[in-house]
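Just the one chain here, the form predicted alone, laid out as structure tokens.
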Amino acid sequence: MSNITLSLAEIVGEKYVSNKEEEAYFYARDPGLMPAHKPDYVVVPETVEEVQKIVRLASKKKIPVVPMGAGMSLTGLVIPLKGGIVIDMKRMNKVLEVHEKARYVIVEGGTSHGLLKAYLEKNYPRLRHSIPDSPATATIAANVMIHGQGRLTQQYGFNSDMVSGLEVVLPSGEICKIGSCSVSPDWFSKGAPFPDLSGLFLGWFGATGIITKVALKLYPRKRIRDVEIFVTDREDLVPDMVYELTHTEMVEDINIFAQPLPMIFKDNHHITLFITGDTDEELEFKRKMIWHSLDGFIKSKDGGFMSVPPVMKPTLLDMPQQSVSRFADVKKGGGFEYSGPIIAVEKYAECSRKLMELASQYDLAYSAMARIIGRSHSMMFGFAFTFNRADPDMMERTQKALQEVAEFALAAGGVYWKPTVDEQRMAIERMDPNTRNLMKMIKTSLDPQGIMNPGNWEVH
């Protein structure tokens, strides 16, 4: 053990490697419900060459390796289930290049969404990227690795769809470039016209390689941004409302939330619409188009626009929305997890009813949150529960509720978003056998020794 520590120290410096109990404690867990499991070593590299050397050492010694961003997934994806080396990417946090006219940026694998947002606002105020509603420390590479969502998801798809190039350290220690950057100095495409090899890494949770650089598409940052909230008590009509809204192609982002408190929110479903424009006239035109699209629901008294007080707008327009993090600690116990499917928008009412049923059955504080993907092509529906870690009974009730969510998600025709190890197993068991075999071939070919984030996407 001490020899491995010394070898890692030779790679990154003594200051950036540890096998001490206090570091192992923190890297053994996340805010969710997955049981803790300590790593044997924690290492914090600064360069891709250092990552390469760490992986080569791990491969030689057959030691598990777990790459880590900010550990915000909540579902145990960076908990070292079989010990080994946790590679914390936080020192690799540079914005390397911005190509303004081609609208893309290249960042290192540990760069956070907050850092990129601040960098663009200061240096390229007309550009922006898709920011998830997670704490600003969440990293870009980890977010695309789990097919994350963000503020531009309704327009452009998952954040992983916005990747335009990757640099990856393979389990062998080799450095591989994915996309146009493999033959060109420019990182404008992750696939076309070549075979899109990014799928060998995106969605795999670090089980096939470690992302050390990401090229990400950037988008116009409009001068003005505003928010509207459409309220209905007809959950069955929400898919129809979303269809009409997305048909206008005027909305930047569509989120839907339902929660029991404060009482003004009870029994209602709130479709939150974000619109942008460079002029007041552009914004007003979009607003009129949106109002007109929902006119039929207003006339039938099935919904209406809620007046958004000026004091409430900064909270809603905040990017990322800090209110999400505040809900995570409603019970003041540091516990929060949400599960749920990527699923057809038509299943909104079914998901909503299931959440209410589980919250009542297990007496849990809850919130329903859905984000529309593309032009109503699908949605992410989150069954969110907050709990007190000092209350074992509450944690057990939350675990039971989330287990039912997992079973419901597949039965309802959904697929898991950032699934836990148990949910991965359930999905693999349900998967088409040939698809399952293809996944096994990929994992075995890339990582024959099984050292990369073992326990995740394991096909037996």
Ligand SMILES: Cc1cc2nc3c(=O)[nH]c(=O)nc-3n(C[C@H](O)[C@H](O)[C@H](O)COP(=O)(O)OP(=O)(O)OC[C@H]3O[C@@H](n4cnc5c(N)ncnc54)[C@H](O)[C@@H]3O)c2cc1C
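Every value quoted in this text rests on a predicted model; they were computed, and no experiment measured them. For every residue, the number given is its place in the sequence shown, counted from 1.
Absent from the display: the form predicted in complex with the ligand. The rest refers to it.
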Inset, instruction - Evaluate R371 for contact with the ligand in the predicted bound form, applying a 4.5 angstroms cut-off between non-hydrogen atoms, and reply yes or no. - result: yes
Inset, instruction - Check whether G382 has any heavy atom within 4.5 Å of a heavy atom of the ligand in the predicted bound form, and answer yes or no. - result: no
Legend entry - Heavy atom of Y338 within 4.5 Å of the ligand in the predicted bound form: yes
Legend entry - Residue contact check: F230 to the ligand in the predicted bound form, 4.5 Å heavy atom: no
Inset, instruction - For the three residues S73, P132 and M145, verify that every one has a non-hydrogen atom within 4.5 Å of the ligand in the predicted bound form; reply yes or no. - result: yes
Inset, instruction - Could you check which residue among M68, V405, V43, V55 gets a heavy atom within 4.5 Å of the ligand in the predicted bound form? - result: M68
Inset, instruction - Look at the stretches 35-43, 411-419, 391-399, 430-438 and give the one with heavy atoms within 4.5 Å of the ligand in the predicted bound form. - result: 411-419
Inset, instruction - Let me know which residues along 95-110 have a heavy atom within 4.5 Å of the ligand in the predicted bound form, or say none if there are none. - result: G109
